[in-house]
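Coming up is one lone chain in structure tokens, specifically the form predicted alone.
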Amino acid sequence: MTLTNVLTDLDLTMETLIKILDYSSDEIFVLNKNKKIIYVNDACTKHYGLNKEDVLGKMSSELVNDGYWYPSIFPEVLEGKKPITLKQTTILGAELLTSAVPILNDNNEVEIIVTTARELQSYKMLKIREKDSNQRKETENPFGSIMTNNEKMKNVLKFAKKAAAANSTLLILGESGTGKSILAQYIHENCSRKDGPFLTINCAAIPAELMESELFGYTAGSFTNANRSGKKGILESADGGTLFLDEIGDMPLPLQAKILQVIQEKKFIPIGGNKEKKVDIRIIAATNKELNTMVKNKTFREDLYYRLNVVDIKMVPLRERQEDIIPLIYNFLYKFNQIHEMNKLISKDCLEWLSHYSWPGNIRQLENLLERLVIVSDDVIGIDDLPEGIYNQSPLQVETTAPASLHQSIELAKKERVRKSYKVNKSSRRVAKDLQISQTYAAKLIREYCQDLSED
């Protein structure tokens, strides 16, 4: 019996077959002989943070060159015309066990290549052949450690890269948690000082009385309890590199005048000293405050504000980068699974819920939440694991609590009850007993509502 006959007997359309493939937790990838991607299932979102429409029709080399995975498996498959299995690392931090099988035509030429990839966490005890390091082409994300599919954010990074080429002072603006410090690091890595130090001082985290000694250092015997041999300050330690002044809006006014002198003259005097020291540094400052308002209120020096604000860059809040939320979730999921030696998964419902949340704390809030969820959740992170504040503030909560009809209310209540029972009981037999229904009906409900939850 042919596959066509089977599909006909089962009354399966191509659309239904594609839906079935999309439910696979393994990635399925198909290339033609020209290495153009002609099919990929939904697992690509989990592994690369890209939707299917962002992948289909592209050459595999485009994604490899952009750092979405490495090493590439396809050149060796095309050359050897034999199945290959190797380990790959993705842009989100996932490690995959990838197998590629070439399909040959009658002339022994590669017609298509079919690959499947599964997260390596499931194969911790499996030894696999890795490509020699000399053969591996490890490409980097063009935006460094900053991950984005958002056009606004890409424009920010392109502008930052241009600004990095100059040696002027930069001011990064944006809400708390948007990644201002990561952008500062990105600028440093793309400037002529990249081989020099990159040092950070958080002006909001250090008491005013200690900040001056941290920045400028001090000479021996400058004050009570001072180090007998004195101390080198961050300014001197950053010589030849970049100094990042985070939360500059919290710097005390007297210290602002001294920093202004450093920016203008590249000189300073340590506490208790009488000799000027020269430094060759670039200063990048950042704040989540309205400095122009602070200038009007006399809480921030006007001359320092204009000296810092030669070039300003504004970070995009996470609520305006919705297409980045799910990739970031998977990135942090991989990160904290590795740190805490766990193998947690996340349900599609939970992903949908989180992608509609407003994220007032931005990326930092998302990162902290994912670490919490990895630690406290069961094997699959679901909506029930979300903190009450996030659960109640999602727009989907409004839709859930205010359905359009009685039928929707009943359906939603039934779905929630079945999912909660299944998460606890893990089998159709125990769910049937818990809900006081037949096991056949319980199995049907589990297939309908719990496909993203694994059954024991």
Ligand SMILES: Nc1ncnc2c1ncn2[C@@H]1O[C@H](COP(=O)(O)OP(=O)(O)O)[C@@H](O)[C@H]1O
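Since we're looking at a predicted model, the values are computed, not measured. Residues carry their position along the shown sequence, with the first being 1.
The same protein also has a form predicted in complex with this ligand, omitted here; what follows describes it.
Site annotation in the predicted complex: the residue of 292, 322, 85, 181 reaching within 4.5 Å of this ligand with a heavy atom is 181.
Only one of 353, 332, 268, 300 lies close to this ligand in the predicted complex, with a heavy atom inside 4.5 Å, and it is 332. Across the options 276-284, 324-332, 97-105, 305-313, residues that bring heavy atoms within 4.5 Å of this ligand in the predicted complex belong to 324-332. Shown alone here, residue 176 lies within 4.5 Å of this ligand in the predicted complex, counting heavy atoms only. Residue contact with this ligand in the predicted complex: residue 367 places a heavy atom within 4.5 Å of it. Though the partner is left out of this view, residue 146 does reach within 4.5 Å of this ligand in the predicted complex, counting heavy atoms only. This ligand in the predicted complex is approached by residue 363, whose closest heavy atom lies within 4.5 angstroms of it.
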